[in-house]
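Just one chain follows, in the form predicted alone, and it is written as structure tokens.
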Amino acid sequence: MSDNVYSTICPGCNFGCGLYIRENGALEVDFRKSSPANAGKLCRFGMSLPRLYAPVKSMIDGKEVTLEDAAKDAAKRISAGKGSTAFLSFGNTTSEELLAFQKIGESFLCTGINFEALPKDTYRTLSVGLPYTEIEAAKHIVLFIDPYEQYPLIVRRLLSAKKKGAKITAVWWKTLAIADEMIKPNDVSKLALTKDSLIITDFHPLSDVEQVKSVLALAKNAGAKVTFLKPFANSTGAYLLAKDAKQKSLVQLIDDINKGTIKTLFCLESDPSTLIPSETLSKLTNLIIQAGQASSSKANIVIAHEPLYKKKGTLINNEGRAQALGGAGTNGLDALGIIAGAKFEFNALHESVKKAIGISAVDEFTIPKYDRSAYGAIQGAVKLNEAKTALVSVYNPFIWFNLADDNDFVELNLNTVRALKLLKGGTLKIKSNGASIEKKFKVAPVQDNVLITSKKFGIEKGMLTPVEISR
């Protein structure tokens, strides 16, 4: 049996890591040394990709059907629910599909991000990050993320910067080995920034708007550079292509579903269960999911097509680098055409993508010149942790994709272990919002009164969740 090999991009985050996927009975991941974003290196999520691409079948109310029939039924339900339908995509698909999706979802388009609450002159800064070479050349780097858990391939760039003499400051709840200086998030006023500083943070559907404003204000006031990393394969493409569209936030979407204003939700390559509570999803009349891999959500209609690595199309990574996928599949685009009632031509959409980012050809080795215009003064203050004890959720690819991981524990410091008289190999009781769970624990250099998890437990209310803990 001959192997099928696809040159593709990892969907784990928006870093843009190139790799090969080989179909050889089972899926295998191979390194692609020529990739400019990662030079062949992959994180543990990238190595887990065969688990992500679980086969999926087109279904209507639990019955297996063809893609065409599923798309036609979806079109009928969307049409019948006109005015009460929302369209959700986090950016985990090609730019061409995203443009087609926008044409369908003009009434209520949601990319998950609360752009409405942020000044418009900050959109470009939030949407397109700095080239990774600028991170390597920085003299002072300030981390508002845990790079090891959230964006592991950035660590190589940070180490390169340190070899060149850069100082790294981490504003985080846990001591990071790569940092030369640690500052508690509640003590951010102690952070000394200059025009030589470069701030690295991230921007995702659960980002606290006030925290985002605060980081923008810190950079603005010091004349420092700032770059926002993002969690989905084509987040940058989604934000750039949707800049003129009327978007609504995830918070607004959840509120409208709970109120009954939205009764039909159409999700493109996005598993809503990772971000929308199950009790909210249960209030929908129709949940339609179009995807190339299995979803954990129970959908009324599943429109199943080729996975991302088999698609024909363009992704735009965090640097703004346009990257071509190595597949030839357009089934996803064809399904969107059935729903729209008009066929979408790939070539026309591809030209629109190139025009939107100002390029004449897709070349992953060239970063287009983006206008990172200055933004105005921003009033923002870091939200302090007022809870006696807080659970800190470190969002990472495994969480976003609802993919099983082995980190089913919380991290806490030795002081907390001794105060609660916890037993080695035992568990910790955690209470929040009327719910109680028991979890294993691991001793780590974490701040007092803080628990850290990189696993979704179901009791979280944003990045910081007030909790009560006991033995």
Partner chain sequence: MQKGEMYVGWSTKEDVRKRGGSGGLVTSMLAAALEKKLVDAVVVLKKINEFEAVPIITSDVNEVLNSAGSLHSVPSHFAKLIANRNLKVALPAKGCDVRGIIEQGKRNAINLDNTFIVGLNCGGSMHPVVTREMLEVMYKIKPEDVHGEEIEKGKLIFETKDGKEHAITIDELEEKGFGRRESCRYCTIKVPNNSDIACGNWGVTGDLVGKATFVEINSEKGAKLLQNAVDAGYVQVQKPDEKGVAMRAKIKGVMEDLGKKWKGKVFVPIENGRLEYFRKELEHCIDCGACKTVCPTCSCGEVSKCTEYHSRGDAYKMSMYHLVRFLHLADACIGCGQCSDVCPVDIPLTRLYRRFANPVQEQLKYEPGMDMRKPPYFEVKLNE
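Positions refer to the first chain, counted from 1. Owing to the predicted nature of the structure, the values given are computational and were not obtained by experimental measurement.
Only in words, not in the display: the form predicted in complex with its partner chain, which the text now covers.
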| item | value |
| --- | --- |
| Options 53 to 61, 66 to 74, 438 to 446, 413 to 421; stretch whose heavy atom lies within 4.5 Å of its partner chain in the predicted bound form | 438 to 446 |
| Contact at Val5, Glu149 and Phe409 by its partner chain in the predicted bound form, all three, heavy atom at most 4.5 Å | yes |
| Partner contact for Ser432 in the predicted bound form: its partner chain, 4.5 angstroms, heavy atom | no |
| Close approach of Cys43 to its partner chain in the predicted bound form, 4.5 Å, heavy atom | yes |
| is_contact(Val251, its partner chain) in the predicted bound form, heavy atom dist at most 4.5 Å | no |
| Interface membership of Ala361, its partner chain in the predicted bound form, 4.5 Å heavy atom rule | no |
| Residues in 9 to 29 close to its partner chain in the predicted bound form, defined by a heavy atom within 4.5 Å, in order | Tyr20, Arg22, Asn24, Glu28 |
